[in-house]
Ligand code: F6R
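Heads up, the chain below is alone and in the form predicted on its own; it's given as structure tokens.
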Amino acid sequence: MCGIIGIASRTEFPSRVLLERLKRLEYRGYDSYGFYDSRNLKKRVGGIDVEAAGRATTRTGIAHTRWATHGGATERNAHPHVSCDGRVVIVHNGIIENHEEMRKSLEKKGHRFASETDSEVIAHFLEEGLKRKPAEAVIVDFFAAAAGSFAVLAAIKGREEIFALKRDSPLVLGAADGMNILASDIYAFSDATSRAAFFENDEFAVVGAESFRFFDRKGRPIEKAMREFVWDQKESVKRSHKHYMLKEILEEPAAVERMLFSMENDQKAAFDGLIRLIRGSKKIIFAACGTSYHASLLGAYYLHRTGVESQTLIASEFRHYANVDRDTLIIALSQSGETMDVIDALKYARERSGRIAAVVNAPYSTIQRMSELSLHILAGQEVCVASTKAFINQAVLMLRIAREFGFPVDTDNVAGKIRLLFRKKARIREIAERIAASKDAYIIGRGLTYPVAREIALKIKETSYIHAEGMMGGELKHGTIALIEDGTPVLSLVSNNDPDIISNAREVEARGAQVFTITNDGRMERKRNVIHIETGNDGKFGILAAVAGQLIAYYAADKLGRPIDKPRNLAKSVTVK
């Protein structure tokens, strides 16, 4: 989840550059941050303040923005961490699963720890090893001793190089003019270079200003060439919008058009290849988490309607429920392409000879590199932690795939339908502000609208901190209806006058619920508690209802004064289990 930066430069550069590049990774965590520039080490709680670097300069440095796992969000738990003698300074993304055993062993040797984190053991382990061995040999020992996931950058006093280690957490090296830059992903340096080398599992590198050497976990040299990458995502700015979330929702029509155009042009070969893979497989299993899981639920629904055998599994439970063989196609959905639970699911599938395809928004990611075929949804950069346009593009792509198998839909007018929905922002805001007055909210759907109900509930929880539950309308009577009180908001998603969901809405209304409706029934358009969506196709209805739900979540959070773009306890890229 955390973001790390390391720079080795031929000439002196302002230390603030470390924090400027780190700022580009702040979506990965914003509990605390810190940097080390070979002379100064500073750590702070909260979001990154570039001015904290002052006027210092350096030729090497490392920096870190944290999403807390072990130990609270405090200054002493912030990175970088330092060894007892001050010789080793490290930053770490991941989790050292056996850190307690390693810590006890090091304490017996006289080491004293300053933090509650698992990460600090890395600095002490390296210090202890350097008493007897060169750094490269100590790193080999660390690979053998450590369990878990890690991307580590280590600075060792007396060396103008950065030592970089990787296992299951993302790490990439970019070669810019006169400097090498290490980072959690290419966005950290995409403005400075288009040349990168991607670390694979159990590799480490010694990186100087104008050279680098790669090794495997045994310390054997590896040939690693720089490769050219294309990055078409511009740095996002809010401009006149109050929050990035609203800006990104309003970008959805353009993002949908861009992706659909790509599927007919530069990504047509890959798109056609995915269709062939689906046709040639006996079973399709989607693997995803969070928002991407809800998009994959829509994908499974669409394909099921066309007779394609498909299911979706939450990636963290994949190995417990998936039956994979060589006739199974696993389609991974991930916004970041680095979601650890999805990576683990793909490893499990690969062990059982399953074929793998990917749908991602981040090119050159681990999940993309694990797949024999991948599609890029081209949603563009999302700064807001709560994903909006990436979800919509994933869902539209699922619908576009289903069309190839006979699902009756015209996806070409989805963007126009979203623009029409934006004209109803005033009605949506009014409903959202009424929902914001409650501590609980329930969103109900059936069939197509069940995944959307879950996605809307997730957005409300993420941004407004209102307890929201998205569920199948038919499950209300099996427990949840006991929670309905006078005034409890219930949002019902009614596609094509579905009589069952209408019945469910009446059941909660009879018990005092305040019922709101998203529907494509034109007869209800003027009713106060109704958001009318102009589509007769139930495939597009789900996507448009999700957009309305995103706006509800945004306006409810805005009414409550929440930190919408950076909700508490969340990070954009979930790279730990």
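Note that residue numbering begins at 1 and tracks the sequence as displayed. Bear in mind the structure is a predicted one, so any value in this text is a computation, not a measurement.
FYI, the form predicted in complex with fructose -6-phosphate isn't displayed, but the following is about it.
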Open item on the list: Whether residue 574 contacts fructose -6-phosphate in the predicted complex should be assessed with a 4.5 Å heavy atom distance threshold; does it?
Closed with: yes
Open item on the list: Under a 4.5 Å heavy atom criterion, is residue 292 part of the interface with fructose -6-phosphate in the predicted complex?
Closed with: yes
TODO: Mark residue 336 yes when one of its heavy atoms lies within 4.5 Å of a heavy atom of fructose -6-phosphate in the predicted complex, and no otherwise.
DONE: yes
Task: Partner contact for residue 393 in the predicted complex: fructose -6-phosphate, 4.5 angstroms, heavy atom - done: no
Task: Heavy atom contact within 4.5 Å of fructose -6-phosphate in the predicted complex, the stretch among 385 to 393, 152 to 160, 88 to 96, 438 to 446 - done: 385 to 393
TODO: Name the single residue among 185, 252, 462, 118 that comes within 4.5 Å of fructose -6-phosphate in the predicted complex, judging by heavy atoms.
DONE: 462
Task: One residue of 164, 146, 378, 458 in contact with fructose -6-phosphate, assessed in the predicted complex (non-hydrogen atom, 4.5 angstroms) - done: 458
